[in-house]
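Given as C-alpha cells, the chain that follows is alone and in the form predicted on its own.
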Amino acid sequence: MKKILALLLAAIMCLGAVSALAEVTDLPRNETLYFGGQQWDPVVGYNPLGDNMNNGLALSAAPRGTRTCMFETLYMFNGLDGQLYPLLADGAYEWNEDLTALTLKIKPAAKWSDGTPVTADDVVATWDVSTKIQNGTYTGYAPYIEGIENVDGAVVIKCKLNDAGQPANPLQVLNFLTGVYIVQKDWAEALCAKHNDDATAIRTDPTPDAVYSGPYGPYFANDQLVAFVRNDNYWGQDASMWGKLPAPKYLAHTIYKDNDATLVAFQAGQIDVNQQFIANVQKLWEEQGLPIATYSDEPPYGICATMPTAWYNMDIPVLQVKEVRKAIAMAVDYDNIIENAMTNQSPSFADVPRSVMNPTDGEQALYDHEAVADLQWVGKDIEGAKALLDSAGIVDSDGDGWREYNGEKISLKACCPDGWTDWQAAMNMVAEAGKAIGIEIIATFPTWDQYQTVFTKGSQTEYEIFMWSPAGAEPAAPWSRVRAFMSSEFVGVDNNWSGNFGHYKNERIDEIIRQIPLTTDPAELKALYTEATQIYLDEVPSFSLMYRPECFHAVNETVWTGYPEKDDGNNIPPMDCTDGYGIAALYNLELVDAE
C-alpha cells in the first residue's frame, strides 16, 4: 500500500500538482516525529536546485545550519563550538598556502538514494548547473568561487581573486561547505535535458523523483500534512558516519493555521519538536505540568546566536550626530525588553556586554573585553544620556520639553512590522527612552508588505529607526556580522537584505572587513575584531536590543525523549533535530514507553 501511495504521489506531482491524498493521516505515532513552526502552506516541490519550493523539512539551506533530512551538505555547522563537522565530506578540508583553493574528499561510504556513490563529480555538477541556471547557490557564491574541479577524485574549490590577486573571501567559501545542497550529477543533467536548459523551467520543476543522499525521502504531502519516510538503506548507518539509522521512521509536519493553533497542538502532544517563540515557555512545565522542555530549564532556555537590532537611518541629518545615536541607545531599558518582550529568553547586557559578538563562548573569546569596557553600556542611563546630549549642544531651547536640532524639534519614527509582538514591544521601549531624554520617538508599525520594501531601499527617509537582525552563527561569523553592521558595500543598494541598512560609512571599518577573511594569525584576528568592536560602540550606527536564539527549540516528551540538553556531554545544538549538526539528535531519540 505504501509503495502504491508513493507512486501515486510522484505521478501527481510530476504533473505539477501538490498531492491531495487524504488517506494518509494515520502515521504510526510511535514511529513518527512531528514538527511545528516550519511549514505554513502546502509543499510546492522537492527541487534542491529550485526556487520557492516551500518545503520546510526538505529544503532549508543556510550556513548557520542547513536542514539535511533529505538533501545533504559537505559539512554541518555546530553553533555550540563554531566547528564544521564532515557529512558528505571525508575528514577535514585543507587550504593551500595563499588561501586561493580549498581541497576536500568525499566519504567512500556516501551513496545516493539510488545506490550509486556520491563523488567529486557531483559537487562539480552542483556548481556548474547552478551557474547555468543562476539559482540562489550561484548568486550567493559567484562573487567568491571561481569554479570547482575534480582533481584525482578530490574536490577543489577555487576562490575568485580580487584586483590585488588575493582570494575574494575564504570565509564565504566555508559558508558554501555548510550552506549548499549537493545534487547528483546524472539527475541534474537529466533535469536540464528535460527542459532543454531552460533555467526557469529547471528551477520551478517540483522534481518529486529527485535523487537524494539524506536519511529521509518524500512520502506524502497535501494541504494538511507533509511527511517523509526513512530510507533504511541510508548510507549514514556506515561506521564512518552515524553508525546507525535515525530513530524515527517518519518525519511529519501538520500544516496549522497560525501560531495559536500550533501552540495548542504542541501542548496536546501532537507536536514533538516545535520551532516557535512561546512567551513564558517555562510556565508550560512549571505551572501546567506538561512534559515540555527546552535546551535549558533556566533562562534564556536556549542558545542565543543572533541580535535583533535597531538601525539608525544615516540619511537623516540629526542621526548623523553620533551623540544623538549613543544617547538614545544608552537610555533604552534593555532589561525591560528582555523581561517582557523576550520573557527572559535572552541573556542581559550585564551578563553579556554588548559588542559585535553574539553570546556564544567561541565568539566572546575573539575580542579583548577590557579594551572596550569603557565604551559599553547596559542601558537605562537617563542622566548619562542627557549629559551627552547637552555636551553636544542638543538642548531644549524653547522649554517645551523636547530637544531641537538646527532650530527644529527632534521627532523620529521607530518602526518594525505589525504583528511581530516582541519587536513591537521593543520599539515601544525605544520610544519611552526617547521621551525620558527629551527626544520625541513615535513607535510605528507598518504591515510587513510595506515595511520590507522601505528598509531595504538604497535610500529612504520614511523610517528613522527600524529593526532587523544581522547574521547569526555561521562559519563566516562574526566577520559576517561586522560586515552586516557596518560595511559600506551596501550603501545605496536597492533591495538590500544583506546589511548596513542605515548606510553608515567608515573607511577604516571597510579596511578591517577586507582584512579579516585573509588573516590567519589568532592574535592579529583578535586585534582586528577588538578594533571593529571599538568602532561600533563608539560610533553606534545601530544598537542591538536583545539576544535571540538562532531558532526556537522546544520539545514535548510525551512520545519521544533523548533530545539535546545543556551539559549532557553530547555537543548537539538545539536546532530542532534537523539543522546543521543538530540533526545528530535524531540518532539519540528513544520512545518514552520503551524505557
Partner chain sequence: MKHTLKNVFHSPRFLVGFIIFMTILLTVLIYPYFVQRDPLQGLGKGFLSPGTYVSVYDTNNAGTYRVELPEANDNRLEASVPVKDRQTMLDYLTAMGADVSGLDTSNENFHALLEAWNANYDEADAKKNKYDGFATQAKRNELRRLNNRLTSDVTAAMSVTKGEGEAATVASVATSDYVKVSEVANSISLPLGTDNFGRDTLTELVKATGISLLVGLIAGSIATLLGLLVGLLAGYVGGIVDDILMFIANIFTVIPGFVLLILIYSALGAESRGITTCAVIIGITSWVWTARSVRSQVISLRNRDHVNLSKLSGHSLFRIVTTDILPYIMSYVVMAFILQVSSGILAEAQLSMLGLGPNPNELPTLGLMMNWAKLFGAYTSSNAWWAYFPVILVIALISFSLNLMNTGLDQVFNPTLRD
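Everything quoted here is computed from the prediction, not taken from an experiment. Positions refer to the first chain, counted from 1.
What comes next is about the form predicted in complex with its partner chain, which is not displayed.
Comment: its partner chain is not present in this chain, but in the predicted bound form one of 431, 241, 352, 247 has a heavy atom within 4.5 Å of it, namely 431. Shown without its partner, this chain lists 279, 109, 268, 142 as candidates; in the predicted bound form, only 279 has a non-hydrogen atom within 4.5 angstroms of its partner chain. Proximity to its partner chain in the predicted bound form holds for all of 336, 565 and 590, with the criterion being a heavy atom within 4.5 Å. Put simply, residue 435 is close to its partner chain in the predicted bound form: some heavy atom of it is within 4.5 Å. Among heavy atoms of residue 32, none comes within 4.5 Å of its partner chain in the predicted bound form.
Its partner chain in the predicted bound form is approached by residue 283, whose closest heavy atom lies within 4.5 angstroms of it. For the chain shown alone, residue 480 is not a contact residue for its partner chain in the predicted bound form, no non-hydrogen atom being within 4.5 angstroms.
This chain is displayed without its partner chain, yet in the predicted bound form the stretch 410-418 from 118-126, 471-479, 78-86, 410-418 comes within 4.5 Å of it by heavy atoms.
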